[in-house]
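Listed next as structure tokens is one chain, alone, in the form predicted on its own.
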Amino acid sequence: MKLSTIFLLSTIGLLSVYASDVVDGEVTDDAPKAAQEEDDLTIGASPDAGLAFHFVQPADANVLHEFYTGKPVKFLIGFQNKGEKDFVVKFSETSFRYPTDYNYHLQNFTRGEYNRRVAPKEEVTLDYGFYAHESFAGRPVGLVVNVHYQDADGNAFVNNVFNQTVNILEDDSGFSGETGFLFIFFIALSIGGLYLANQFLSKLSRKSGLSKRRVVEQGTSSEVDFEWIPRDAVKNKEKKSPVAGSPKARKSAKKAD
């Protein structure tokens, strides 16, 4: 009984040791492969290439390292071929990284495609621009700019021309596309309101003018009760009297006197 128990325990121990050796062996075998893949992805710069970097917009970004959201950020990349073979500048990569861990990408911008051939002892200037999104306002980010190129033999190289933390600020100019649209909208609304008010007032003035014209002044009644006047006097009045001031009127007036 004891021998069988000891044999069983020893068998279990051997199996557990074998299993642990297999797991450790798998990790050990994969580690060199991962390191080899990282070495393959890590491409250095050519000693025959000289690169320079300079911000052109905003002008003070070379000193302050500050960008504003919604405004263009532009920079120049200078490439100098100091060797005896041609270089072909393929493209540039620009990205925002997490400031405390540059391996973590926050945003990758569109690649700047160049495919520019640079002869020996020749220099070229390349440009690129991007906009910082409003979501990055008020926070620091890592800005990384890499330039990819290759020589005449097809060897690939990568130069890191900028790798620093920058501050993204909110645009405090007070005017943006949305503000401009609202400004134009309120101007149009004010003009429309003034036009409608003018039309309304003109209609009111026309109505008041028509009502004033329709008013007819009525004087005292010209009807006279002739019943108490003798009929002979009424008949004489109905006769046409001479025009006042005429010779005939003056003669009749003298006869009456």
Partner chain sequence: MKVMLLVFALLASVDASARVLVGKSLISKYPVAEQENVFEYQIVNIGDTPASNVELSDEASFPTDQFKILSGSPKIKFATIPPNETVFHHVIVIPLIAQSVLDRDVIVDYTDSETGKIARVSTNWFSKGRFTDFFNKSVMAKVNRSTSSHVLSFAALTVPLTLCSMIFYYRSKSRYSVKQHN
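In this text the structure is predicted, and so the values were computed from the model without any measurement. Positions refer to the first chain, counted from 1.
As for the form predicted together with the partner chain, it is not shown, yet the points below apply to it.
K.L.:
Considering 152, 137, 124, 106, which brings a non-hydrogen atom within 4.5 Å of the partner chain in the predicted bound form?
P.N.:
Of the candidates 152, 137, 124, 106, 124 is the one lying within 4.5 Å of the partner chain in the predicted bound form.
K.L.:
Quick one: of 95, 167, 80, 146, which gets a non-hydrogen atom within 4.5 angstroms of the partner chain in the predicted bound form?
P.N.:
Answer to the contact question: 80.
K.L.:
Give a yes or no on whether each residue among 61, 133 and 142 has a heavy atom within 4.5 Å of the partner chain in the predicted bound form.
P.N.:
So, no: the whole triplet misses the partner chain.
K.L.:
Which one, 182 to 190, 95 to 103, 152 to 160, 108 to 116, holds residues whose non-hydrogen atoms are within 4.5 Å of the partner chain in the predicted bound form?
P.N.:
Contact criterion met by 108 to 116 only.
K.L.:
Report yes if any heavy atom of residue 71 sits within 4.5 Å of a heavy atom of the partner chain in the predicted bound form; otherwise report no.
P.N.:
Contact with the partner chain, no.
K.L.:
Within a 4.5 Å heavy atom cut-off, is residue 54 in contact with the partner chain in the predicted bound form?
P.N.:
Yes - in the predicted bound form, heavy atoms of residue 54 and the partner chain come within 4.5 Å of each other.
K.L.:
When the contact criterion is heavy atoms within 4.5 Å, does residue 88 count as touching the partner chain in the predicted bound form?
P.N.:
Residue-level check for residue 88: no, no contact with the partner chain.
K.L.:
Enumerate the residues of 138 to 159 that have a non-hydrogen atom within 4.5 Å of the partner chain in the predicted bound form, in sequence order, or give none.
P.N.:
Counting only heavy atoms within 4.5 Å of the partner chain in the predicted bound form, no residue of 138 to 159 makes contact.
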